[in-house]
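Given next, in C-alpha cells, is a single chain: the form predicted alone.
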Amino acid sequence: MSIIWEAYRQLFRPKSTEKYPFGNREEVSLPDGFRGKMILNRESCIGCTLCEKDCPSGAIVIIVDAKGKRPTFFLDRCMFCGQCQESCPKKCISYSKEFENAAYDRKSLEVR
C-alpha cells in the first residue's frame, strides 16, 4: 500500500529534470571549475613542451611551424584532467564552458 501512496505523491510534485537539448542552452547550470573545451593563448605560449610531457592520455602533440613550437590538443583523446593547465608555466592553457564536443570528423576535435 505504501508504494501506491508514494506514486500518488510523486504525480503532483514539480519536475526535477532539465529540458537540456530542447530548452534554452544558456540556462544550463555548470559548476565552478568545470573543464570544457581547451583555450590556448598562443601569444603567451613559449613552447616549453611541458604540457605534452605531463599529459597522461597523449592528447597533446607539439608542432613546429614558422611561429615556433606550439601544442595541438586532440579532444577525442583528452580526458579533461587539467594536468596541462597546471603544468604550464605561463598559464596559457585554460578551459571554456563549452561541453558539446560531439563531431562527425576528427579534424574538428583539434584545438590549435
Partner chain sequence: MSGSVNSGYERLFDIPIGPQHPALKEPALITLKVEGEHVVGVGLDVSYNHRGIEKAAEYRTYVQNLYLIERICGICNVAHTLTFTQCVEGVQLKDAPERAKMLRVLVEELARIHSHLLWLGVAAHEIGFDTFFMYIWLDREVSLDLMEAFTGNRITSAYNIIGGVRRDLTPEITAKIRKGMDRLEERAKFYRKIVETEKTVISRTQSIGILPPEDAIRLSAVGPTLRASGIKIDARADDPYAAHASVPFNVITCDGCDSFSRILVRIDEIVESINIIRYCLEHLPSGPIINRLPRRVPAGEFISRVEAPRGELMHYLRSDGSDKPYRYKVKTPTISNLPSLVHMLSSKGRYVVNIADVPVILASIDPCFSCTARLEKNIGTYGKS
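Positions refer to the first chain, counted from 1. Worth saying up front: this structure is predicted, and the values here are computed from it rather than measured. Only the largest set of C-alpha atoms that superpose within 1.5 Å between the two forms is called the rigid core.
Here the subject shifts to the form predicted together with the partner chain, a form of this protein not shown in this document.
With the partner removed from view, the residue among Ile39, Val61, Cys81, Cys48 that has a non-hydrogen atom within 4.5 Å of the partner chain in the predicted complex turns out to be Cys81. At the 4.5 Å threshold, heavy atoms of Cys55 reach the partner chain in the predicted complex. Proximity of Phe74 to the partner chain in the predicted complex falls outside the 4.5 Å heavy atom cutoff. In the predicted complex, Glu6 approaches the partner chain with a heavy atom inside 4.5 Å. Residue displacement note: Arg9 has its CA displaced by at least 2 Å between the shown form and the other one (rigid core superposed).
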